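To begin, one chain is listed below as structure tokens, in the form predicted alone.
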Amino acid sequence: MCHGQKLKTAMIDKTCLLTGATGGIGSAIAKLLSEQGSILLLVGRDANKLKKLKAAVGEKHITIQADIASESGRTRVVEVCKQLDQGVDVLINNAGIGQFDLFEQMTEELIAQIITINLTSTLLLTHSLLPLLQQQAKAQIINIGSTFGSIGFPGSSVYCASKFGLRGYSEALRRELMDSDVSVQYFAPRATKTAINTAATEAMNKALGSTMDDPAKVAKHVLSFMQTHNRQYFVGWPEKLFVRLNGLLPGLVEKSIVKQLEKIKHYLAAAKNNAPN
């Protein structure tokens, strides 16, 4: 049996709850899971985008219009899950927003928004859904993080804080649940071609020679990772190397970033002026 067949067999009839479903990576994950025979609960804030996604993946799937940054939104998600006879097998925490700003120029509202959406809401939703996951014979929690959850990068200070937090949370919760039937895994993509990036961000990545992956490619990595017992997965080279170096010899990574700082700040200024070049 080929890998694709094994993957399809593993995901048939699995009920998967996916937050941030209408985003670039989210919609790509949804399409692949649907092709593999999963039953999807697709969570997003935009009703029109959810409608289009459902049309693309199939009418058998359930869409949930909810803002998980709000208590009412999380309650709605949990109530829908409680009504399912088969329960929820997989929770994929994918909702998130980006940042490309100098910290000193950010508003308090934006700082709070990034932390709330990328970290706090994920923790609170997972907390509410954990009793349902624990009712299953086997369940998974997949937290979608970022390379910047391991490497602090200029212009992404608050985003990094949220993803560093998500990575630490994933590690701690995994260890807390090791004596249960719920596994916790952390997946970290590198730069990806989605609407989360501004034109200035894309221009900077090009200038720095940083690869930006297609969401469909990232989704394939997610599905393959889900079939393993691995604790975490980082996408791309040399990003995997930099993650390890930053853990062991952070000074080396810092020297590399310092050399790029002038370029990074150039594109940060361009983003602020809405005039990337």
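If you're wondering where the values come from, they're calculated on a predicted model, not measured in any experiment. The numbering used is simple: start at 1 and walk along the sequence shown.
Unshown form predicted in complex with a small molecule; subsequent notes refer to it.
Novice: Within a 4.5 Å heavy atom cut-off, is residue 189 in contact with the small molecule in the predicted bound form?
Specialist: Flag for residue 189 set to yes.
Novice: Might residue 159 be said to contact the small molecule in the predicted bound form, defining contact as any heavy atom within 4.5 Å?
Specialist: Taking the distances in the predicted bound form, the answer for residue 159 is yes, it comes within 4.5 Å of the small molecule.
Novice: Taking 4.5 angstroms as the cut-off for heavy atoms, does residue 45 touch the small molecule in the predicted bound form?
Specialist: Yes - in the predicted bound form, heavy atoms of residue 45 and the small molecule come within 4.5 Å of each other.
Novice: Please tell me whether any heavy atom belonging to residue 66 falls inside 4.5 Å of a heavy atom of the small molecule, as the geometry stands in the predicted bound form.
Specialist: Output for residue 66 is yes: heavy atoms within 4.5 Å of the small molecule.
Novice: Within 4.5 Å, heavy atoms only, one stretch in 103-111, 90-98, 134-142, 150-158 touches the small molecule in the predicted bound form. Which?
Specialist: Every other range fails; the passing one is 90-98.
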